[in-house]
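For reference, the chain that follows is the form predicted on its own, supplied as structure tokens.
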């Protein structure tokens, strides 16, 4: 009887996610562009052959991996520190917690526009400070070597509170008696963090990892607003590449191929992360 209760949710999920995915898979084996008057014509897998030889796709894949890994690692490290601070007892703690969540609550569009202004040359505050001290301009968003890291900083600023909230929830499940007993046995705060806090926070940290890896791998709006994929496509993500093929070049068949390939890469990446998490948990349990 209980599986029947899940039927409405499963139907909704299939309608929202299943039908578009099936449509994209079907369209990836067809040519649908301005050359065909946007009519889908079977092409015997020509889109996939083109994809495997598309250097721009693989460049964007590497850049997407780099963005996702860098963002999530920084977010986890910062979120743990913030969560520990917010778990302490101090005056107006509720207000501080609310303020901490504001970056996550802000719409990505507004946040990305703000960061684009911060990194702007020559009118942004960073460039103004450099000018004040008579230092050379950095041209952050125009430099292929550092523009990608500017997008990472913006993403970390926005989504770190999300992971901090998850970890804070985990901290509040740890009984204070464990720390008191550990101190009575001569343990210090660092040892308590290493032997009590981190092991008990593992499920929450790993949950945040999986959520954020999937979200960061599909980044689109942040990159589109801050850099538009530039300079010279050095910050372009796979989602942005699929968008450009669909709405700028009107090549819906190839765009669908990119979307399905990105979906497959995301699944592989998530499975790899899950396996890595399982191995890490096994090693920690052995210790």
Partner chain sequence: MRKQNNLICLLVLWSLLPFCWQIYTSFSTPESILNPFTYQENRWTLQNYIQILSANPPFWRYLYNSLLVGLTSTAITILIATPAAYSLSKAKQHLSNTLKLLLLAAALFPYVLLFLSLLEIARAIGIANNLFALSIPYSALSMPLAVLLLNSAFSDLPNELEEAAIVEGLGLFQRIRWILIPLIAPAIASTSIIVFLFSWNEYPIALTWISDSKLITLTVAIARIAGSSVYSVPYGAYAAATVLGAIPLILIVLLFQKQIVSGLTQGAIKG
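Note that the coordinates shown come from a computational prediction; the quantities given were computed from them, not determined experimentally. Numbering follows the first chain given and starts at 1. Just so we're on the same page, rigid core means the largest C-alpha set that superposes within 1.5 Å between forms.
Heads up, the form predicted together with its partner chain isn't pictured, but that's what we're talking about next.
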Taking its partner chain as it sits in the predicted complex, is residue 101 near enough to touch it, meaning that at least one heavy atom pair lies within 4.5 angstroms?
yes
Is residue 106 a contact residue for its partner chain in the predicted complex, using a 4.5 Å heavy atom cut-off?
yes
Does residue 68 reach its partner chain in the predicted complex, with heavy atoms at most 4.5 Å apart?
no
Touches its partner chain in the predicted complex: residue 265 (any heavy atom, 4.5 Å)
no
Heavy atom within 4.5 Å of its partner chain in the predicted complex - residue from 196, 210, 138, 76:
210
Which residue among 63, 33, 239, 28 has a heavy atom within 4.5 angstroms of its partner chain in the predicted complex?
239
Is it true that 49, 201 and 277 each have at least one non-hydrogen atom within 4.5 Å of its partner chain in the predicted complex?
no
In sequence order, which positions of 236-259 have a non-hydrogen atom within 4.5 Å of its partner chain in the predicted complex?
239, 242, 243, 246, 247, 252, 255, 256, 259
State yes or no: after fitting on the rigid core, is the Cα displacement of residue 12 between the shown form and the other one at least 2 Å?
yes
